[in-house]
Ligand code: PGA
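Take a look at this single chain in structure tokens; it is the form predicted alone.
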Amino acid sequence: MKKLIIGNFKMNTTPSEFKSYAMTLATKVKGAKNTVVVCPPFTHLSVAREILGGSKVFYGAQNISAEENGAFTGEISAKMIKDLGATYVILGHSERRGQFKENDKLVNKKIKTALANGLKVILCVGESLQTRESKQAQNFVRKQLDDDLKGIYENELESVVIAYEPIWAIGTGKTATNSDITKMAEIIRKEIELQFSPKAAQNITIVYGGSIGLKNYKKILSNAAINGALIGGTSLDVDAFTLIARENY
């Protein structure tokens, strides 16, 4: 089954390092059936256009401003990254929510801005360990989806990917069990059905992220409840990322 494999570089590599990476990746994923996306830092997007433009690899940004333009020093607009050929943008990542205090209202505005500029959104949702242990994970994720997708039209969901990233599993070496992943994917689809329609729930793309590596990727990505993976640290190793991207699931 074809999967969506996304690499999130976070704040790692330099543009020159990424150039070498991108050249290797573009060569190694030729013939891959999966959809492959890399999201490097903003500074790398012109390199991505140079190397990956016309290849089988899509690329995107890790964030955008909620504003279209204006006096917002240090911010990057959706129009800017779109002009560089970016197709995707990651929004609502737990590091943005936690470290930079981005709330659901802001994430919702960013989603609308991204969609208005023709970008595909990778919307991250997921609970903390404390929320999980208090048995509130499902309610927490439902509310994130309700707030983040408020005012979004059903036809726009074709450009939205839901990334379930339990915060307690990101960069910790821990990962959700396949049972946990299946259950949360079902919760997400049910919430999409309630917000939009059964058809929207069936068609929504759901990926899992959280300490995916060479030891566990096959087991996770063989889960029929999800449509792919959002990969962090492992994506920095081009050989490991390519291996995952070329796998048939």
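Since this is a predicted model, take the numbers as computed values, not measurements. Start at 1 with the first residue shown and count on from there.
Heads up, the form predicted together with this ligand isn't pictured, but that's what we're talking about next.
Only one segment in the set 177-185, 28-36, 48-56, 210-218 has any non-hydrogen atom within 4.5 angstroms of this ligand in the predicted complex, and it is 210-218. Among the residues 141, 106, 76, 169, the one placing a heavy atom within 4.5 Å of this ligand in the predicted complex is 169. Contact annotation: residue 19 falls outside 4.5 Å of this ligand in the predicted complex, judged by heavy atom distances. At the 4.5 Å threshold, heavy atoms of residue 232 reach this ligand in the predicted complex. Although the partner is absent from this view, residue 95 contacts this ligand in the predicted complex, with a non-hydrogen atom inside 4.5 angstroms. Taking the partner from elsewhere, residue 165 is found to have a heavy atom lying within 4.5 Å of this ligand in the predicted complex. Using a 4.5 Å cut-off on any heavy atom, the residues of 1-18 that reach this ligand in the predicted complex are, in sequence order, 8, 10.
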